[in-house]
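Just the one chain here, laid out as structure tokens, in the form predicted on its own.
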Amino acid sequence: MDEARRDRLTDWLRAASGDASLTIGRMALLSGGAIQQNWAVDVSGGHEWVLRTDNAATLAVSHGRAQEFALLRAAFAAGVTVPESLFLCEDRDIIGAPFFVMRRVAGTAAGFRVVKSDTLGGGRVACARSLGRELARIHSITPPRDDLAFLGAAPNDPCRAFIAEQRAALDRQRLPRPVLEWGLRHLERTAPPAIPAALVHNDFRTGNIMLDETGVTAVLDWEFSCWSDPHADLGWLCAKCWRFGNDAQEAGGIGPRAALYEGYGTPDDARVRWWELAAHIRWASIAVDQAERHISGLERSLELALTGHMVPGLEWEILRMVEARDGR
């Protein structure tokens, strides 16, 4: 961040915090964050914060910083393990984009490291149970909520709403995706009955969950949250694409599915597995969108370009899952 923006940020933080003597020490761009930027900010008084702002290009389906700030506050109030959100700035003149500031927490979220550890989160079984409990707390938030009005009305049938959204996403792509269409058709034929919607994180997976040796220290990245079937979060976490190669541990490559269910309560396993197939279709669609950010020239990035190369593997898994569900 250049000096002019840093000076403006200092002045703004002094006003927001009520500390006229506040100074910024170290600022460092944290790793990860293909869609958003996260900056570690050390300020006077020993405070360790994170500033979260937009990258040059964002996905149309992701929330803005003001909306994510509100989601974090709602989750914090519901007992979800999230960083405490502190200050929101919607003035683009400060650093060039809206941002919010939250407390920094310790731990690791790197998926390839998390799935290799037998001790992070208190051990595999204990960690999977903890993840189930975190999801149950998230899903205790139900519509309508004035503070989350930007989420719109909850769908009457979350499964059918998902199918319609994904079909629209595929229709706007430059190239046809017949395997994804085939998977959507299977979901359409096997959709379970509608149940009341709740808040879903909508990206609850290994890589967005901060862990240390004692347990979960933070659930991160709420930019895709929406009202939907709560089983969608369970299916997303259990999707093979988020196990980072540790396929035997079905709860995100971290622990057993049974422990996740035990921590959550009594989820409907058949419904979870419907959403697990849905997760592969959705992630394939997102991967195509990520690659388009690079191809368009708007945001040249090797990471975004490589994300597009994940799509054939996801399509193969979708075909395998459909075949298995059809009993062939």
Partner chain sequence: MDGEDPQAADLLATARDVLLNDLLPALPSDKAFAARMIANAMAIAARAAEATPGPDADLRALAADIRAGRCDPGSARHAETAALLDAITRARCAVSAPRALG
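As the structure is a computational prediction, the values presented were derived from the model and not from experiment. Numbering follows the first chain given and starts at 1.
Just so it is clear, the following notes concern the form predicted in complex with its partner chain, a form of the same protein that is not shown.
Residue Val179 is the only one of Val179, Met210, Ile95, Val125 with a heavy atom lying within 4.5 Å of its partner chain in the predicted bound form. Among Glu84, Asp146, Asp171, Asp247, the residue placing a heavy atom within 4.5 Å of its partner chain in the predicted bound form is Asp171. In the predicted bound form, none of the heavy atoms of Asp2 sits within 4.5 Å of a heavy atom of its partner chain. Residue contact with its partner chain in the predicted bound form: Glu262 places no heavy atom within 4.5 Å of it.
Although the partner is absent here, Asp268 is not a contact residue: none of its heavy atoms lies within 4.5 angstroms of its partner chain in the predicted bound form. In the predicted bound form, its partner chain stays beyond 4.5 Å of every heavy atom belonging to Ala15. In plain terms, the part of the chain that comes close to its partner chain in the predicted bound form, with a heavy atom within 4.5 Å, is 183 to 191 out of 183 to 191, 96 to 104, 115 to 123, 76 to 84. With respect to its partner chain in the predicted bound form, the three residues Leu30, Val41 and Gly45 uniformly fall beyond 4.5 angstroms at the level of their nearest heavy atom. Looking at 110 to 145, no residue comes within 4.5 Å of its partner chain in the predicted bound form, counting any heavy atom.
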